[in-house]
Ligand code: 1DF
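The chain that follows stands alone, in the form predicted alone, written as structure tokens.
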């Protein structure tokens, strides 16, 4: 099937539409966090995936890297200009990957609060243009749970961003489940966003240049989501909701095989770690997850996922500033959807999920 790809250099302003375009996976970085990263790069034990990803963006003279670093730290004039040029009414902001998750525990806990206050200040400056997700430090699950409660009750931010693994550890480990308990108690969905690959997974991807957004991110984040499902997290926390981007990190397209092989693996008793769960993996995807199309401006993939997940569970995202192609907005506007379903995709699903006031 032919795919229309946008011209990355195009700045053609999308047409006016009868709905608000809310972009739901848009990154930012307080300048102080980048200073912490610079100090971390010099450490002898710096994580190779972290250094290979953020070390590149923060040092490369390429136009792409310079654009990303300039846009990450601007939550005012430049960002609003880019939103206006793309016809984006509102961004839901998330602390850029890896956020605080490669920091030492004390620094991570402290800076998560700083980042959330920084975000809340930006939202107060631009309340009709910006919303956000709370950063937490999974390194200290109890502190992370407290920060979720503070963010919801004091800052008015109603969702959480976690950038996949934390120093090679996954939320499927029950030691992290205070985070799920707090998210469920505060009705705060968790957005599971990609991270650079953990050290024990990196080499075969990196040697082929496939460790980043081109492939490795989706593989690792999809793995993380599946670990959460198969660990029985949603059986333990039945009201917990999660979000995954990039068209569900391909999991909707694998649903049949995931169900079949999980059922076969449980029956075979091949792995002590694979225990029965109450539903099929695909049922948890459809009942507990929401999917954004961040970085995938492709109508067949969007429509398949809407058919699989339901119209109320698929949302628009741009993936700014890592993917900032204005033509993609028009491509999504032109999808063959009813006016009602198009409004759900661009606007009302996001308003409901992230508790954005219309």
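Residue numbers count along the first chain shown, from 1. Note that the coordinates shown come from a computational prediction; the quantities given were computed from them, not determined experimentally.
If you look for the form predicted together with the named molecule, you will not find it shown, but the lines that follow are about it.
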item	value
Every residue of 57, 217 and 246 near the named molecule in the predicted bound form, heavy atom within 4.5 Å	yes
Stretch from 298 to 306, 326 to 334, 47 to 55, 28 to 36 whose residues place a heavy atom within 4.5 Å of the named molecule in the predicted bound form	47 to 55
Heavy atom within 4.5 Å of the named molecule in the predicted bound form - the one residue of 114, 213, 279, 181 that qualifies	213
Single option in 166, 159, 97, 91 placed near the named molecule in the predicted bound form, where near means a heavy atom within 4.5 Å	97
Any non-hydrogen atom of residue 322 within 4.5 angstroms of the named molecule in the predicted bound form	yes
In the predicted bound form, residue 64 touching the named molecule (heavy atom, 4.5 Å)	yes
Heavy atom of residue 224 within 4.5 Å of the named molecule in the predicted bound form	no
Partner contact for residue 193 in the predicted bound form: the named molecule, 4.5 angstroms, heavy atom	yes
